[in-house]
Each structure stands twice: as structure tokens, then as C-alpha cells.
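Taking the form predicted alone, here's one chain by itself in C-alpha cells.
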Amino acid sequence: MRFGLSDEQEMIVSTVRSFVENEIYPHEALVEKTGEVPQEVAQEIKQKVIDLGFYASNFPESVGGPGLSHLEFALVERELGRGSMALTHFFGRPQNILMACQGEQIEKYLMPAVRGERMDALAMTEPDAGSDVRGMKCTATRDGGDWVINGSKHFISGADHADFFIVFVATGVDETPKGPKKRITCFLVDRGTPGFEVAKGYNSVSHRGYKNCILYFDNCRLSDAQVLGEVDGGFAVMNEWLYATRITVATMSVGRARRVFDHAVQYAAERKQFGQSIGKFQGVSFQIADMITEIDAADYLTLASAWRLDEGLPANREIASAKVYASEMLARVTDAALQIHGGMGLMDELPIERFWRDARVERIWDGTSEIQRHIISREIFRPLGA
């Protein structure tokens, strides 16, 4: 077993970290204050990433991507986790589900997304269908040779900048021994399609500037050419490609935790009370020890899950373990860092309160902690028939 990075992997880490520190950090205060990413800043970040050769770094060379391994891409995401998500969004990692594109979809959606010419957004969640994906009420019904979509989606991240959307909707119901079971189909929907509206979403305390939107479909008519994958095959497409979002949450949680940790250590070394640095008190130093232990554990767990994918090994349980542990670790680390900073930790003069707020959502999106634990326990008991 080797736990060290190759020279090439070290270069990836160094390059992305330098980019985040020099191109992302300087804009964070403005985004936090205004809740907006200026268009010129977004375009500048995107173009610099393209010039650097890292745009669409989760895509293979066969479609124009850099061709990084799962492990190497996890390293990229870990470093991006250090920065504001509203800004690193423009580092450009299109949904890898676009690899399911076929025929004309390749030139219309996949290739422009990889080149940075078009941005995408994934739309699955609904007001009454969060963890229960099959509970979705947004439907597509046949009308002649077309599909007509009606319903809504919400919490759609990045929709404000998206040129097209990867939308999952119900296209039928099967009667099963366990009751009705909805069939799901994935569609590619262009912004501006008649009957389709992208509306302002909710104001979130986490990741200011990284907005969510509400999508409305009112007799939105689409052709079969807009189906991604097979009709009624949405779950197959989902299960084949969307595992990556859980690794992303885990790796970014590790990256953010390391930045928070650096702040806490520096503060504990400089802040003096009772005639000495507070880091010399066990009440603080033991917290620091626990923080780095948990961060390293989450890091290795996450990288190991990515490594398993590269080796062609089953990784569903490992990815779920990484996601639940890393996201919950981030919550503990940010809370401890805030405690170490005392009252100043809650003031917006320091970024600690932002890290604390941002950490909360990681246990919810891309599969709640409860769903991850369900996946883990299911993988353990399934071979036993239990």
C-alpha cells in the first residue's frame, strides 16, 4: 500500500491550491457581502481555468477533458473546497452524467460543456421529493411524438448560470408487490424552452453567492432527442454517474476543514491569555489534536474511495462512508475552531463564522447523512439476505 502522492499528483495539488489562493480568496469578501459573483469575475475565473488546462477536469481525454483519474480529481476537489463555492463553481466541473449523451446530444451538450461554452445544472429535488426521489410529482407525459413536462423543481444549485438543465421527472408508474413505483426519465432542457421558467430560489445561510433556483414546467414540450439515456431509465443513469457528487462533498469538506484548521492553529498560537498562548492550555491543544486526527481520517477515507473506483472495485459503501464522515467531521471542526476563536469567531471580520455556516449544508445535500447510513448498512446486510 502506498499513501504518498506521485510527483504529478503533488503538482496537481500545488497548482490548484495556488489558483484558489490567488484567484478565489481575493474575491471572497465581496461575494460574502453582496451575495453575488460579478459576471466579469466569473468569466475571468473560467477563462483562467481553461488556459490552465483544468476545465472539466472530471472528464476523459476522449471528449476533450484532462483525463484525470478519480483519485486525481478528488485531489482537485479537495483543494477547491478551501475556497468560496460561489467562486469555485466557475472552475468548471460539468456533471459527469453528460457522458451518457448520444448522437446529436454529444455536440449540443457534452462537448460545449467540456469546452466551457455552456454550463449545466442538475435538477432532481422537489418540494415533496428530497431523499425520496421516487416521490417526485414533476411528470412527463406522451403527446403525439413529444413529451410534455409539468411540475416544479427546487434547490437547484447553479441554475442561475446554467445554459441547460439535466432534469429527472416521472414518466410512469409500475405496480409492484411493495406498491406503486414511479418510473423516472432524464431529460436535457435548454434555458428559454417554451413552458420552462428559471425563478429565484431561497436565501441560504450557507455558501452565499452560490444560489439555488426554482424551476417551473408548464406544458413544456420536448422531443425524444432530449432524453438522456433510455426512457424510464433515469435511475440507471443516476446510479451509474451520480456517485461522483458524494465524493465531491467529502473531498471539499476535507479541504475546507484544513483551511479552518490552519486558522485555528494560527489563532491559538498568537492569542495570549493568562500570560501565555492559549494553545498551551490543554482545553485548546486537545481540541487541535482531535481536529487534525479527524481531518486526516476523513482525508484517507475519501481518497481510498476514489482509489477503489480507479481500481474497478466496488465503492458504494466506501463513498457513502466518506461522505457522511467527512461532512460531519467538518461540522465538528468548524464548531471547535469557532470555540477557539471565542467571541471573535462569530464576527464577520473573520471568515470563521462563514465556514461554520457553510458546513451545515454538507450533511444535507447530495444525500443526507441518514441516507448515507442507509446505504452503508444496506451494503453490509444485503449479502446476508437481511
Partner chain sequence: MKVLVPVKRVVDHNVKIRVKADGSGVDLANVKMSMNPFDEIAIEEAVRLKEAGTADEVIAVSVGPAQAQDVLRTALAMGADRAILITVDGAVEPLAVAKLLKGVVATEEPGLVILGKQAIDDDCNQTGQMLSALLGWSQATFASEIVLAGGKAKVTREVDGGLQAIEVALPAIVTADLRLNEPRYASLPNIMKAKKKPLDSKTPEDFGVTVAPRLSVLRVEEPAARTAGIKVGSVAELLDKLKTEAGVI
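Note that the structure is predicted; figures quoted are calculated from it, not measured. Positions refer to the first chain, counted from 1.
The following text describes the form predicted together with the partner chain, which does not appear among the structures shown.
At a distance threshold of 4.5 angstroms between non-hydrogen atoms, Phe19 is in contact with the partner chain in the predicted bound form. In the predicted bound form, at least one heavy atom of Pro66 sits within 4.5 Å of the partner chain. Taking the partner from the other structure, the partner chain in the predicted bound form has no heavy atom within 4.5 Å of any heavy atom of Met347. Within this chain, Leu52 lines the site of the partner chain in the predicted bound form, having a heavy atom no more than 4.5 Å away.
Stretch-level contact analysis of 66-74, 351-359, 322-330, 39-47 against the partner chain in the predicted bound form, using heavy atoms and a 4.5 Å limit, identifies 66-74. Of all the residues from 1-25, those having a non-hydrogen atom no more than 4.5 Å from the partner chain in the predicted bound form are Asp7, Glu8, Met11, Ile12, Thr15, Ser18, Phe19, Asn22, Glu23.
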